[in-house]
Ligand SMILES: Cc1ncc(COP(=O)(O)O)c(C=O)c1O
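Next up: just one chain, as structure tokens, the form predicted alone.
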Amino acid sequence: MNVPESDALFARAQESIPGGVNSPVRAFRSVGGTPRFIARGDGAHLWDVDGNEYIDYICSWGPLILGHRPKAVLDAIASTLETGTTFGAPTGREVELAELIKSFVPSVQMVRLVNSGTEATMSALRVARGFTGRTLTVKFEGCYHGHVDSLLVKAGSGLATLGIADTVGVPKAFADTTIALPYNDLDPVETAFKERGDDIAAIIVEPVVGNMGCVPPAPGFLEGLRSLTARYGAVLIFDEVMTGFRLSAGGAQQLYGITPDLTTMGKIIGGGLPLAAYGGRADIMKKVAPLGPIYQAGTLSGNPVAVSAGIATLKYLKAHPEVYSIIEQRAAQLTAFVPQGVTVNRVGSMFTFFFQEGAITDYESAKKSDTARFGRFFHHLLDCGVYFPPSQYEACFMSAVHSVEDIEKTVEAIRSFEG
């Protein structure tokens, strides 16, 4: 595919931006070639600066459940811009969004708005430590919870894509506050609590992992985490930045029937704009300043433009619950055909083509994938006008506006892959 404008922009970008990108996986390092510089999006499609059109299964890494430029969201943003962009003071929209979040996620009794998923997880961990008076966090290998210092330990996703085990720049003392254990294995978690339960403040987990590719929880795994944290007085944090409002209206916790103590949310609640949140039990959240002694703040937190986009998105999902059956049906149709030597994991509208045979249940099994073959697959799809994530270790996302024709064209492209 001829992409001279993207080539030129990427050359310029590398002179001013590290690696030419503002988030590492965008650089195409693991698949090779030039990243496509996007000119515009509409519905389920993207156009790059060279005029090439793609069916988009990245959906801005998950937020665009209604596709690009949904009218309800654009109208809400335009209306809000008539009144201003930011005030650094409370607005009624913040209250409305908080109430909407609570109506979707019953475990969230109080909620604080922030600007990114990283902020949400960083803040939730601080609150868990402050609430329990303990210092240690249990996380799982291959789960990514933002670029929080203490959580960049076997963090999957972008680090796995770039071949970085743990990031430079994180003091050992920070990393030592994190216990990284295999996902989907309760025995090491039970051992950790037996040995250090009095020091463990929280377990943080992606209830369905999206950051080593899509990996669902094994039967009983989430239930076991809930039981252990309750027994030892630790806080169970579900990182639903990716899964929240996507796997079901109430996220993964509704899908699997598990009630966490705290939940982090992002992506979809911003309607395509930078917005995230953390929330949960009222007795825990009341420890957050100004009610309590745990400090967290943000100049643009609750930004009215982002909040208005989030309200419009959640209101649409509430009024159109059929969205969830539509996107799951479309995703099932797309993943029905599997190339030889490939395993597909799918939960709802999230899915990953792993280039290996056998079950992928954790980080160690995900890492056995043939990344070189995935790279050939990625470029084949790109040449066919299909835009998958440029990494074996990321999930694809379906939107409500992917058409039957889009799915059929994608399946045809997958079937024609001979690599």
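This structure is a prediction, so every number in the text was calculated from the model and none was measured. Residue positions are given as counts along the sequence shown, with the first one as 1.
Unshown form predicted in complex with this ligand; subsequent notes refer to it.
J.: Name the stretch, out of 88 to 96, 192 to 200, 115 to 123, 316 to 324, where some heavy atom lies within 4.5 Å of this ligand in the predicted complex.
T.: Looking at the partner contacts, the answer comes out as 115 to 123.
J.: Only one of 137, 303, 349, 211 comes within 4.5 Å of this ligand in the predicted complex by heavy atoms, so just point that one out.
T.: Filtering the options by heavy-atom distance leaves 211.
J.: Considering 250, 146, 130, 217, which brings a non-hydrogen atom within 4.5 Å of this ligand in the predicted complex?
T.: Only one listed residue qualifies here, and that residue is 146.
J.: Consider residue 206 of the chain shown here, and say whether it contacts this ligand in the predicted complex, taking contact as heavy atoms within 4.5 Å.
T.: Contact check for residue 206: yes, within 4.5 Å of this ligand in the predicted complex.
J.: Any of the heavy atoms of residue 225 lying within 4.5 Å of this ligand in the predicted complex?
T.: Flag for residue 225 set to no.
J.: Would residue 241 show up as a contact with this ligand in the predicted complex if we use heavy atoms at 4.5 Å?
T.: So residue 241 counts as contacting this ligand.
J.: Please tell me whether any heavy atom belonging to residue 267 falls inside 4.5 Å of a heavy atom of this ligand, as the geometry stands in the predicted complex.
T.: Looking in the predicted complex, residue contacts with this ligand include residue 267, since a heavy atom lies within 4.5 Å.
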